[in-house]
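Have a look below at one chain only, the form predicted on its own, in structure tokens format.
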């Protein structure tokens, strides 16, 4: 099957991007500057990512709010039009996370539900709605300088708080901008018609943003301790086991998977998510086994890589027996055994948590 492409595909090629298949989309993994340089640009200045592969399903009309409320774990009544919310869609049988989702409440009875790239059909199957993924582009501008660059297009953006959304007009076309992201930095995500996306991408670069690919996006989210679907979320993993119980509102009398989640909790959590840090630059990798020094298997790394900010290998891991911060575990076998330390998450503090 031929991979889908975004409206910025030719732009990425012209910029010399290394392209890769991700969720059925051909996306930039990195640009000639390299993943580490892109990562550091986001932490120290501003980077712009094409994340148009993420889904957008419009749920609107009479009863739209009730459909969102009944399907997803979080409580939409905690927010209001003009705000966004992070939430989960659960499997009704075992409460595992089918997808983690951003819901953008655009207007009364109008929502943009944004699933991961491969899960759009699952969301439509539960919520209904109209898939507009191929009709719009999403550009994520992230980093300490991001809000200043965004405000150069529209000064009102500078006043937006975290997880807010408002209209954004560019190139004579209507879109919206939300103060969301997946890097641990302050920033915004622009959703605009495909026809103006290359122009906006170019102007963001002209105003100081560095183009960045999915490689940097992954190392940034890992440093920030943010989950990745298929690693920290997915079949057999409940929100509680992923350390994300705050996205579940049990005060709602009903939502998809609620009964299964309560049953799973009564049975006892099978594992918990922790952070582990090596003392060398060698990256940690998914599926590495974690053992106590005496040999007991206690878990596996779910995501791992090299941290450009810390200069060492880091990883998120599911453990099946209790461990404490500053405990030492081992990865590898034989002469390749390395010691890792259990650490608090996030590895690098989230900039938006300081505001």
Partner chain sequence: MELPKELKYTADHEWVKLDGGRVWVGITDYAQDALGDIVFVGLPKVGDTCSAGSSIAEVESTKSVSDIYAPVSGEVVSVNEALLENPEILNSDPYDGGWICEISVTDLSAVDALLDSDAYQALIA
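Given the structure is predicted, the values throughout are model-derived calculations rather than measurements. Positions refer to the first chain, counted from 1.
Missing here is the form predicted in complex with its partner chain; even so, the following discussion is about that form.
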May I ask whether 34, 282 and 305 all come within 4.5 angstroms of its partner chain in the model of the complex, judged by heavy atoms?
-> yes
Quick one: find which of 322 to 330, 26 to 34, 45 to 53, 292 to 300 has residues within 4.5 Å of its partner chain in the model of the complex by heavy atom distance.
-> 26 to 34
Find out whether any non-hydrogen atom of residue 339 is located within 4.5 angstroms of its partner chain in the model of the complex, and reply yes or no.
-> no
Members of 187 to 208 lying within 4.5 angstroms of its partner chain, judged by heavy atom, in the model of the complex = none
